[in-house]
Structure formats: structure tokens, C-alpha cells
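Next up: just one chain, as C-alpha cells, the form predicted on its own.
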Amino acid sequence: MGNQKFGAGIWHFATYVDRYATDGYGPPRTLIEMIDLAGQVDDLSVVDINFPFADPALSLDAIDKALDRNGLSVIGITPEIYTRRFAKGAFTNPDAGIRRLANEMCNEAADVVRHFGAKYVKLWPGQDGWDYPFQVDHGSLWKASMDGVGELAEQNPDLQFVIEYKPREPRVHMSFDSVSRTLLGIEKIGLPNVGILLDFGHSLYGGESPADAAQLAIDHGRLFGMDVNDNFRSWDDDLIAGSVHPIELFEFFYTLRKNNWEGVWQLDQFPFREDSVAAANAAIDFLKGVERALDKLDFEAMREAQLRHDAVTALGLARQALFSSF
């Protein structure tokens, strides 16, 4: 225990707007200010950074210096292929010029990944999908979704491309909406450097069991990364990890440990009204408790209980390990 790396999307340390507080929940922050805030979080060591940078004049050298003074490294780069110019889609846009723009932005993000020695380009094509019956030809839309990802993976065989699926928002139906559909797409693409970044909250929101979703992705060799947060299942609330579904979160991490999956435990939280450093510390404190609980858990007894489908015994083992770890 104690060697686990913790990370966060740099947006955790931004300030936010919504359709009510259009003036925002705080003054805007620069990327450098966000990195400095991330550096104040205990045991946070890696960040995922959006691209393009909000300040086009910001140099990679300035970001390097901010990361260095905060003891942080970069795990991935997330190209913003979901903003207004991509309102009708990125990879699925009916305008070939916009599709090309999405490809170019992701290739630029790939170069930034190489600069930082990061692990992956994270693809969240939030505008790829549809809203109304008869709006799209579903066969053409799905093919465009796969072709867009596949083209990038072919152009950059030295890097990983991870797809973060989500059932809806901003589109009513997103193209990559579930673990099963995303795995089908990845297998059809057929390239080894395309995988899934499994967001715990998106899985909950989509009616999945995150532990089951993780097992499916692992069984196909496609679980390349993960994010944790929490929600009430009716929306992607991006709450502090463990605040609503601690047992399901523990089962998710049990599944990762059981399969010897190793990677960064990364936060994807949006603390609209909370102090961002305090919210990150609260989540990491909970995740450390999960790590202690995994060390305590009797895996053989759990295996035997599960062979019998003995829910009472299995839940008892899980609860004892988890709730005695704080």
C-alpha cells in the first residue's frame, strides 16, 4: 500500500458557469493558476490538461515550469472537440471541413502529449450524436464516429487514444454512449492503441454497474484509464468520489485489484460551490481508505461467496473491510 498515484483533470481547479449563474461561480482562472492550485492538494501527482490552452500565448515552457514547481506531471491531453464550433459534431459533423478541424486539433494535442511524455490523448466527443428521431442516418453516424477515432490512431501509432463514453449531455444521445457500444466500436476499428477511459459517474448515469463495465473493458484488453466521481444516477453531477455510492465505488476498485489493473486513480469532479483543493483532498482521503480496505479484504473468502452468489456474506466482507478503514 502507499504506492498508488492520484490524479485529476485540471478542470477540477477551474471556475464554472451554468445556464443560471451565467456570470460564473467565481472569477476565471488561468491554466497556470489551476496548476498552482492542483499543487496544493495532498498526494496529487498527475493532471489531465485541456487543449487548446485558454490563453493562446501560453508557452509549453511556462506550463513545464508550473508543473515542475508543483511536483506534477501530465497523464493525458483532452482536445476540446465539444465547443461551439463542433455544435453539430466533431467526427460526425456533416461539414467535412469541421471534421478535418477536429482531426487537426487532436493531432496537435498528440504533439502536446509527446512534449509532456504523457500517456494518452483523451477523446470525449460530446457533440457527436443526435437529438431527434430522423435527425441522422444511424449507420453513417456510427461509421463516422469510428472512422474519426481510427484515423487518429493510425496517424499516431506511438500514442494511446482513449474514448470516454457517456450516455448523454450535451447531445441527447451520444454516439459513444456505453461500455458495450464503445467496445464494439473499438473492436471494429481494430487498432491496438485505442481503448476506454472509464468514468465511474458516466457508468452510473448510464445505468451500468461500474464494476461490471470495468470487467468487460479489462476482458477485452481495452481499459486504458479511469476517472472517479459520484452522482445520484439521474445526471452527471461530478460530485466528490464516494459521497453517494461508496459500496459500488469499492466494488469498482475491487474489480481493478482482482484483475491486477494498474493505473492512476484520477478525479473528474466539478466542485461548483466547494473549495477545489478541499474537494480534491476529501476525495483522495476516501480513495486512500479504499486502498486500505483492499489490503484488508479477504479476496479468497469473497471469491467463495461469489461462487455461491451469496450476497449477504459478500456484502458483509465488503462492508467490514471498507467501513473499518477510516
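As the structure is a prediction and not an experimental result, all values here were calculated from the model. Position 1 is the first residue in the sequence shown; the rest follow in order.
One more form of this protein should be noted, the form predicted together with a further copy of the same chain, which is absent from this view; the next part is about it.
Visitor: Only one of 67 to 75, 112 to 120, 153 to 161, 133 to 141 gets a heavy atom within 4.5 Å of a further copy of the same chain in the predicted bound form; which is it?
Guide: Correct option: 133 to 141.
Visitor: Is there a heavy atom of residue 197 no more than 4.5 Å from a heavy atom of a further copy of the same chain in the predicted bound form?
Guide: Outside the cut-off, so no.
Visitor: Although the partner isn't part of this model, could you tell me whether residue 103 comes within 4.5 Å of a further copy of the same chain in the predicted bound form, counting any heavy atom of the residue?
Guide: Flag for residue 103 set to no.
Visitor: Answer for residue 319 alone: is it within 4.5 Å of a further copy of the same chain in the predicted bound form, judged on heavy atom distances?
Guide: Looking in the predicted bound form, residue contacts with a further copy of the same chain include residue 319, since a heavy atom lies within 4.5 Å.
Visitor: Residue 261: heavy atom within 4.5 Å of a further copy of the same chain in the predicted bound form?
Guide: Outside the cut-off, so no.
Visitor: Check, residue by residue, if 52, 59 and 108 all come within 4.5 Å of a further copy of the same chain in the predicted bound form, counting heavy atoms only.
Guide: Per the other structure, none of 52, 59 and 108 touch a further copy of the same chain.
Visitor: Enumerate the residues of 235 to 260 that have a non-hydrogen atom within 4.5 Å of a further copy of the same chain in the predicted bound form, in sequence order, or give none.
Guide: 235, 236, 237, 238, 239, 240, 241, 242, 243, 244, 245, 246, 247, 248, 250, 251, 254, 258 sit within 4.5 Å of the partner.
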